[in-house]
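Just the one chain here, the form predicted alone, laid out as structure tokens.
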């Protein structure tokens, strides 16, 4: 059975893009694959989150994973920092990483450009920690977006480098996974780019109805004139509508747009209605989960046990190949 791994940083709530881009597919994937899903709290330390908020953010994401349909009985759902083997393997894998190749990664160069006051070593070796997350479970498939494809290529390079250096076949070279088809990339409401917290253009799974309607009402459109080409902001709204609305509703507004008779106010009201139908039941489950701290801790503990069993086996084999010897009794 092939192993699939994916994780989400613990800073920020999950949004509609996360849900349609991955979470719905994870729910299906856990039925047929050996799946590891984790909350990447170690990764989030590069941005220096406030200690007072840190634990709450982890539990929030855990609740959102569960409310979206992940079943802890069918997958390993865990917190990254609960697996000490990850930190140890991260140290070992750093010895195979070269500064030049890390400095050339697109994500590092972007972070340096955007946040020159916070160019820490964790940002530089971010791809090494990502590779560790993947290789420690010897994953075959990793769901990644376009912005993470370079990191996956680095992971494949580290797997080859280790296997060649130590004459072994310990690590498979993981492939990017798109769930058998084109992923739905949910754009933001600001007329450009993808949906995300840092961009301030997202609909979050925890948003209440009033917040959803307020955000959709402010979404960027155009003058509504009949043209051959659809503007990018309007195309984005139709992309979101294609995910949450019925085909009949989508076709009605497409025809209205083509005829130059579209009323964006009506379209936004319909879009808000349909988003609410998707997210408000999830929101209710999230709030319910957050009231049950004992259950969340149980899920976290059981997920850590599953993940540690897999991680410990890989780390032991890795250290043996590298020449480490256990202490003799």
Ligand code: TRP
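Computed from a predicted structure; not experimentally measured. Residue numbers count along the first chain shown, from 1.
There is another form of the same protein, the form predicted together with the ligand; it is not shown, and what comes next is about it.
Student: The ligand isn't shown here, but in the model of the complex which of 241, 130, 86, 79 has a heavy atom within 4.5 Å of it?
Tutor: That would be 130.
Student: Consider the chain as shown here, without its partner, and state which of 171, 204, 158, 126 has a heavy atom within 4.5 Å of the ligand in the model of the complex.
Tutor: Filtering the options by heavy-atom distance leaves 126.
Student: Does at least one non-hydrogen atom of residue 306 fall within 4.5 angstroms of the ligand in the model of the complex?
Tutor: Looking in the model of the complex, residue contacts with the ligand do not include residue 306, since no heavy atom lies within 4.5 Å.
Student: Heavy atoms within 4.5 Å of the ligand in the model of the complex: does residue 24 have any?
Tutor: Residue 24: no contact with the ligand in the model of the complex.
Student: Does any part of residue 9 reach within 4.5 Å of the ligand in the model of the complex? Heavy atoms only, please.
Tutor: Residue-level check for residue 9: yes, a contact with the ligand.
Student: Using a 4.5 Å heavy atom cut-off, state whether residue 40 contacts the ligand in the model of the complex.
Tutor: Yes, contact at 4.5 Å.
Student: Taking the ligand in the model of the complex, would 66, 289 and 299 all count as contacting it (heavy atom within 4.5 Å)?
Tutor: No, none of the three is in contact.
Student: Sort through 263 to 271, 46 to 54, 32 to 40, 291 to 299 and report the only stretch with a non-hydrogen atom within 4.5 Å of the ligand in the model of the complex.
Tutor: One stretch meets the cut-off, namely 32 to 40.
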